[in-house]
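The chain that follows stands alone, in the form predicted on its own, written as structure tokens.
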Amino acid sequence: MSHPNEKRHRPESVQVVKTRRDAALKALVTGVPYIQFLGIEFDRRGDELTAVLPFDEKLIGNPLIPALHGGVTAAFLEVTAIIELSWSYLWEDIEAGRIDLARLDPLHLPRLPKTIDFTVDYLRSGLPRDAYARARVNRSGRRYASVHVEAWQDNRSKLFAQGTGHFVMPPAPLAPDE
């Protein structure tokens, strides 16, 4: 039970929390120019992210089929893995309001994980339409992380590519009083 003289902290409004989450995600995504070039967007529902690669003619590698370029597919998967991994390790700081949203810009972003290796399984041709991907962090420690990503187009159960990556985690930021 709380003491009668203790002040209760009123929970933040849904809109304040949503605005903070959206601003943090936007800063992560817009801080990487290649994400902008490819046109990758992220749909956020709570702490779950779905990457969206809207179709664009510049993404076609083989115009005879036509099919998405394999490098575009690999980049889409790797970007999804990095953003999901970053989102998962920054989540507590975002939720606690410890990330200063006023300072989040490409020059003041939290450091992103660095790729050690990334393996892609091309399961079928990526068709000339929007693609979607979700990543799952298999392991994340202070120094190392492993992430699995799956990509689909029209039907989530029919993947066109999947990948697994290993990443070096950035050093934890120092707390303000350290």
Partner chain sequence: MTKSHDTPDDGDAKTQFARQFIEAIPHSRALGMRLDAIGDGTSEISMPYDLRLVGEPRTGVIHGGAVSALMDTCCGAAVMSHPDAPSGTATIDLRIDYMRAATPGDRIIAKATCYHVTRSVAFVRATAYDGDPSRPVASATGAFTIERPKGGKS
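Positions refer to the first chain, counted from 1. As the structure is a computational prediction, the values presented were derived from the model and not from experiment.
Quick note: we don't show the form predicted in complex with the partner chain, though the next part is all about it.
I need to confirm a contact call. Of 137, 127, 32, 52, which residue comes within 4.5 Å of the partner chain in the model of the complex, counting heavy atoms only? Of the candidates 137, 127, 32, 52, 32 is the one lying within 4.5 Å of the partner chain in the model of the complex.
Name the stretch, out of 128-136, 43-51, 141-149, 112-120, where some heavy atom lies within 4.5 Å of the partner chain in the model of the complex. That would be 112-120.
Report yes if any heavy atom of residue 69 sits within 4.5 Å of a heavy atom of the partner chain in the model of the complex; otherwise report no. Judged by the heavy-atom cut-off of 4.5 Å, residue 69 is in contact with the partner chain in the model of the complex.
So in the model of the complex, does any heavy atom of residue 39 sit within 4.5 Å of the partner chain? Residue 39: no contact with the partner chain in the model of the complex.
My question is simply whether residue 79 lines the interface with the partner chain in the model of the complex - judged by any non-hydrogen atom within 4.5 Å. Yes, contact at 4.5 Å.
In the model of the complex, is there a heavy atom of the partner chain that lies within 4.5 Å of any heavy atom of residue 75, even though the partner is absent here? Residue-level check for residue 75: yes, a contact with the partner chain.
For the stretch 53-73, return the residues whose heavy atoms include at least one within 4.5 Å of the partner chain in the model of the complex, in the order they occur. Those in contact are 57, 58, 59, 60, 61, 62, 63, 64, 69, 70, 71, 72.
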